[in-house]
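Shown here is one chain on its own, the form predicted on its own, set out as structure tokens.
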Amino acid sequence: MIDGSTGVCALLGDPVEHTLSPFIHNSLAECEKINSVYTAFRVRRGDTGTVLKGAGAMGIRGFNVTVPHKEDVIPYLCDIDEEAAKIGAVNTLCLKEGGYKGYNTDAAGFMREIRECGFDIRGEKVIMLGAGGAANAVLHALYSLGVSGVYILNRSVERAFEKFGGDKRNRILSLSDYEEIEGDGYFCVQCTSVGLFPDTGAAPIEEEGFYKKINRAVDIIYNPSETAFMKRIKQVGGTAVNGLDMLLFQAVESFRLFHDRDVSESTIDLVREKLKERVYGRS
């Protein structure tokens, strides 16, 4: 029941109409019996500083941050977590003395999904498709998981070089130059928006030869449940999963930061099933 002691958290982004964050966080709070409510605010680029100043004055406990604010919000923070600073983007803000501190839970969410899938990629060279907003956290997570190098394939080689060219462990190629990657048996993570509902028939690379290089993959898209990228991996005998668990696990880590308490595994399992039903309907 909402009352005068109910804590408030929210998502900041533009757009926010289709976000699942309120559903996930309110489900977590209900299961954990925490007096908190979570909503979403559409905030135009350039208005973030004004919003945070007012929100802090009102005592809003925390925010998740999505496009286009994950990098733009950083100058308005009173502090930033060391890992988020290394990633160069934040997705979680927690109210502290003097303002909001920024964190990044996307990397933690991705790493937990990889571990729970049983993908051991330590010491391997791996492939990442895309250099957009999600790629910052994914690339950080890949190196945290112990990979030796990353082939970054992107539509714009210049943009990828601008963001990631300073690390000599990265080799940056255009999407069409995948044949320069020697051998097969690679792990691949798909970080572009290609294949996202409703354009479900598209894949970032169409040629079968690329997919023959891969035996394990994660597509961070979660709708549809099986993207065209995933289907192509499976058609050549590989294993592929979508990004729904990453979405859930990053939210669980944000929830822990907001409320300063861990979420039980039974709650995570229950909310995962509720989330699948919400996104995909009853099976």
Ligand code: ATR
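The model shown is predicted, which means the values in this text are computed figures rather than measured ones. So that there is no doubt, residue numbering starts at 1 and follows the sequence shown.
We do not show the form predicted in complex with the ligand, though everything after this point is about it.
**Student:** Does Lys96 reach the ligand in the predicted complex, with heavy atoms at most 4.5 Å apart?
**Tutor:** It does not: once the ligand is placed as it appears in the predicted complex, Lys96 has no heavy atom within 4.5 Å of it.
**Student:** Examine Val138 and determine whether its closest non-hydrogen atom to the ligand in the predicted complex is within 4.5 angstroms.
**Tutor:** Result no; Val138 lies far from the ligand in the predicted complex.
**Student:** Could you confirm whether Gly133 comes within 4.5 Å of the ligand in the predicted complex, counting heavy atoms only?
**Tutor:** So Gly133 counts as contacting the ligand.
**Student:** Is Thr192 one of the residues lying within 4.5 Å of the ligand in the predicted complex, judged by heavy atom distances?
**Tutor:** Yes, Thr192 is a contact residue.
**Student:** Pick the stretch from 113 to 121, 154 to 162, 85 to 93, 138 to 146 whose residues have a heavy atom within 4.5 Å of the ligand in the predicted complex.
**Tutor:** Result of the contact check: 154 to 162.
**Student:** Here the chain is shown alone; which of Ile181, Ile127, Leu175, Ile172 has a heavy atom within 4.5 Å of the ligand in the predicted complex?
**Tutor:** Checking each option against the ligand in the predicted complex, the one that comes within 4.5 Å is Leu175.
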